[in-house]
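Presented below, as structure tokens, is a lone chain in the form predicted alone.
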């Protein structure tokens, strides 16, 4: 009976985590410096289909809702899910709970690409495209330096990732040295991570890649359980170890680069969210991966709503997640010892 109640609670918790992003999405639509009441929110949505139903709805509500908040919230959900799943996948692959989605030089490569575009190329080349390109190049450099086949160990990947991150960080500092004050201000704003300028164009750039990466990793999640057992066990179960490693790294890179390219560097999501999910449902990646996607979307939606609700002058969300993430991670790290050790 006790086991049955425990399983029932676990199922209810999983359903709640999956539904939570939708609830927060609806609530967040009305939050901001220009608040919209629930009645006006419903009226605005209905009036887009049937204008005569709510003739008293101000046109500014439609502009705020459809031009600003809707793409911003959809992008927040996509980015939160992408970073959380990337972090959870890499933690499972490396069998290390301290690994995050930026460990392979993705963030430093993306930052250098964006800086290079903003400082030297101006408007001739979009900084989002440059950030995505150099994030991919950074991970390719890690894979090439770390070795091929059996020589590519997880430890060598991590150490090479640290080296490549340091290299691109040095290049970023060099680019910043030559930047004008105006461009430097724009670059710092991007590096802090922000959803303030999110629009439909950003969503169109990143959303298809994020959805593709999420779907593949969710379908691949059972293999993560096998890969985390070790090379010999994985081979005995018919899993190609090296191919599986590279596929997970590629998909995690695709998710992180797609998210980072449009919103900048938002830290701690891929580190905190998987920890939180494992504390609630255990270490089975068949549950951890999809629930990390839902929880990551909820986490970033909640953070963005708090930022928009407390002050008309927005704090970059990357700063907010760091301020929130450090004490929360210390708490989770203490609680998670019995889960991972």
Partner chain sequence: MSVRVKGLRFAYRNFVLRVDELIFAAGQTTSIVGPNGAGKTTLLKCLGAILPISKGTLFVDSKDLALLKSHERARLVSYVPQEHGSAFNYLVLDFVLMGRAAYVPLFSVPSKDDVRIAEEALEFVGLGSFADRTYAELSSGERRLVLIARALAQQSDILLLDEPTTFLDPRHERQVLDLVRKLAVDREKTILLTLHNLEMALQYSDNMVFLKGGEVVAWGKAEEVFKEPLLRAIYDMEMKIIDWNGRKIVLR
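Numbering follows the first chain given and starts at 1. The model shown is predicted, which means the values in this text are computed figures rather than measured ones.
The protein also exists as the form predicted in complex with the partner chain; that form is not presented, and the subsequent description refers to it.
- Taking a 4.5 Å heavy atom cutoff to the partner chain in the predicted complex, the contact residue among 271, 214, 92, 157 is 92.
- Taking the partner from elsewhere, residue 250 is found to have every heavy atom lying beyond 4.5 Å of the partner chain in the predicted complex.
- The closest non-hydrogen atom of residue 228 lies within 4.5 Å of the partner chain in the predicted complex.
- Using a 4.5 angstroms threshold between heavy atoms, residue 238 counts as touching the partner chain in the predicted complex.
- Although the partner is absent from this view, residue 170 stays clear of the partner chain in the predicted complex, with no non-hydrogen atom inside 4.5 angstroms.
- Stretch-level contact analysis of 66-74, 41-49, 305-313, 280-288 against the partner chain in the predicted complex, using heavy atoms and a 4.5 Å limit, identifies 280-288.
- Shown without its partner, the chain has no residue in segment 294-331 with a non-hydrogen atom within 4.5 angstroms of the partner chain in the predicted complex.
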